[in-house]
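This document starts with two versions of one protein chain, written out as structure tokens and named structure 1 and structure 2.
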Structure 1
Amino acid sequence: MIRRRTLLAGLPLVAIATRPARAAEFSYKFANNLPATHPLNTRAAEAIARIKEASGGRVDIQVFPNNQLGSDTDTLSQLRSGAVEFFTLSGLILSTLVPVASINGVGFAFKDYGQVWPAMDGALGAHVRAEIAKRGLYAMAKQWDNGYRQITSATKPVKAPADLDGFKIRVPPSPLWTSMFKALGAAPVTINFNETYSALQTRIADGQENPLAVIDVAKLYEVQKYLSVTNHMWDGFWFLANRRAWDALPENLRAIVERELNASALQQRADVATLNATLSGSLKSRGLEFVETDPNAFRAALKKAGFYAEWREKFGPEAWGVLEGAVGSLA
């Protein structure tokens, strides 16, 4: 008699290897540059769980936070090649591929969130999304919030444009940032973010600019004394998909994915608003002195320096017209 164990031992391994019973039909990767505890990731995780449930397990998305798959530039390349299927990216950095994507970062363009969301959920966002589509990517309809950026300083409070005269301020590698601060009379210094703390500590730069959440997480309050509430630039994250991977999803699954991601985007916006209100008090308790400013004075200085006229030409009259339709005349 041939025993069952003997029979199985004689069979090729492939004969007993099976595919997991509940393996997803579409297994995608989502990368971003934020810590896992950031509202973007907590809300995205909730959306992904709902997507898996609503799709009956057909769509499974794995999250790679905190630049685990590489820098923003590296991951954007992976998104374009299809090595990564989803990626959230700042419009200001996406502008290296889609120039008009940085238009929401034009200095002092948006007075408040009451102008930001109608524009980005409306005509301006639609214009940018159409340009993104031309590069083989798909952008979800709702942007996620990164926040308004504020100026910090170790040497003096920045209350008016004149206070920026010759001021050494750290900026990311972006033409829009450099152009704006030069127009305000400052001396922008391009420094990678991971070197910002030491640059401020050693006075390579006297100040920097970032949303409150970044100032808090990076502990920049340890090497800065003043925080000027300038709201000089607003930025958000586009939730991007590789176009081939997106089109591979049946229409009903695409509808589920976008519906749930957009719903979580709206929740994340509310989270950031609540977080910013809390952080103001937290940062003050850590020694940062908050300084109020007049945005109209900064706008006037940029206009006088020709900043708006320069960027109107770079973005083109169509895109600029859509922006001004949302915020009023700039140039």
Structure 2
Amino acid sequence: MIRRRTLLAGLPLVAIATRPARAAEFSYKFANNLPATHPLNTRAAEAIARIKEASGGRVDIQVFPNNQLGSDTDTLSQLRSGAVEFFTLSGLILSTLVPVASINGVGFAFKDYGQVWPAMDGALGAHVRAEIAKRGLYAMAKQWDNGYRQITSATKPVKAPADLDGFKIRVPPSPLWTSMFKALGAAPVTINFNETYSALQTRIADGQENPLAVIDVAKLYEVQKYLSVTNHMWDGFWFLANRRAWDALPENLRAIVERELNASALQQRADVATLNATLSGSLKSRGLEFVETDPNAFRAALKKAGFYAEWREKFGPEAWGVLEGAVGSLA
């Protein structure tokens, strides 16, 4: 019988215990602008765990939420240079690089989610993704939800378009956003998301607009008093990859990453829809006063200002035709 001590003495125990964990073959960074508590981050974290598992540890993605690596504008540059491999970005902000990517933000274009997802998973999304591909980026097939946007204000309830007259409203960096709020008579100020809370606090802007889920996780209710239910546009995040980093992954690993991210995107959409449908109670209890509006009045104001004609011209007949194919005539 071999004695236990003899057996152990023969093994290089020290070497085993001190060998460093093998670094993953592909160590990638994923940056985004939202707090870790938003469903975009909770669902992405689940996808990333499944990707690590399914790739046998070869793909390890580290998350940098909350604009830890910089504003959306900065992070888009980092994505393009390859300093960051993955980034989720609103199509409207992406339009500073890929103009047609803001097309889903045309005011009051989508009646409801029943129009949003068939369009974004269908011809409209395919049109935008093809343009994204021309700019050195890859967009996963499934977009992640931000949601229908609502206007908040610190100074007065916004009930009708006339209440926006001269109103200093923060908008994200995107020509479509600026154009739309100018068309409504407001005075839009372009500010990245990471500076929005403090801009509202210091009254650089008196209001802003975002979906309920963002207003909640970013605690914008602390610096705003009124929330007008306008549903004035639908906004989503493209899950983007730097093209060189994406192509560096062998095909089987790309398939795993895309499969798991897209699966989580579908779950994230359901989470956000639930939040946006149920958060009004808790936001009211935090002091936000809800204001009902007549969206048709805002839409009519946009039309009267020539907003639809202007953007039809800017996007061009082909892209505009794809949008109208999904939502009907916007004229």
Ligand code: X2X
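Model, not experiment: these values are computed from the prediction. When a residue number appears, read it as a position in the sequence of structure 1, where counting begins at 1. Each form is matched to the other, and the largest set of C-alpha atoms that superpose within 1.5 Å is called the rigid core.
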In this pair, it is the form predicted alone that is given as structure 1
Yes/no, Lys159 Cα shift of 2 Å or more between structures 1 and 2 with rigid core fixed:
yes
Once everything's superposed on the core, is Ser95 shifted 2 Å or more at the Cα between structures 1 and 2?
no
Has the Cα of Glu85 moved 2 Å or more between structures 1 and 2, judged after a core fit?
no
Shift in angstrom of the Leu302 C-alpha between structures 1 and 2, rigid core held fixed, comes out at 2.8
Could you state, for a rigid core superposition, the Cα shift of Ala187 between structures 1 and 2 in Å?
4.7
